[in-house]
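A lone chain, given as structure tokens: the form predicted on its own.
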């Protein structure tokens, strides 16, 4: 279950002028564009309501864009969602798994519905060990798992699915420092296999630690997008606050002037 450790010129994940206006009039995304190539980790930072989760939901075809396109390996997700979903795995903040199944049973179930019928117990065991889930937990029901253990199980499912693209929504939220460190090490390993990883997070420290590219979203717009190498040596928290303050003052200044 390994991919080639190389990047290509073609993006695996691509947002093209992506916009989403909900029925209540809220503009959740406003002309967002970015790309994630194989072997890259793209991190979206931003507060609640910034548009991060909306972007992920469009890639997963949970919702349709109002304008623009989300593509997975060139496939537009709202035109051919089934084909696009074959190429992507998703791990959310609250991993939705079957609580009365064991870790092994969850992997077997999700592998089966993903068409991966060639795997056996050894493959599932290897995947669970790789994400740091101790063997003593492999045959325990998930209702007894901590949040960190559930996150590991979710990532093991992504590994078994062998998807070239992985989407993560607040994956380190609620994890203790040790679990967070292990999680980031695993993402680095998956990147090394050539997977394209798109992650939404509030965790500035982890973003700095793992990202190849960092984007800051605010009110549906990308207000900063830079390679990690471009901001090396700078305090990412200070940079984040500067961009947020500058963007918010631009948005509010017309009202202050009465124009």
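Keep in mind it's a predicted model, so treat the numbers as computed, not measured. Numbering follows the first chain given and starts at 1.
From this point on, the text means the form predicted together with a small molecule, which you will not see here.
Taking the partner from elsewhere, residue 24 is found to have a heavy atom lying within 4.5 Å of the small molecule in the model of the complex.
For residue 53, a non-hydrogen atom is located within 4.5 Å of the small molecule in the model of the complex, even though that partner is not displayed. Mapping the unseen interface onto this chain, residue 229 falls outside it, with no heavy atom inside 4.5 Å of the small molecule in the model of the complex. When contacts are judged by a 4.5 Å heavy atom cut-off, residue 216 does not count as touching the small molecule in the model of the complex.
Looking at the small molecule in the model of the complex, residues 49, 170 and 202 each place a heavy atom within 4.5 Å of it. 28 is the sole member of 207, 222, 198, 28 with a non-hydrogen atom lying within 4.5 angstroms of the small molecule in the model of the complex. Contact with the small molecule in the model of the complex, defined as any heavy atom within 4.5 Å, is confined among 32-40, 207-215, 187-195, 53-61 to 53-61.
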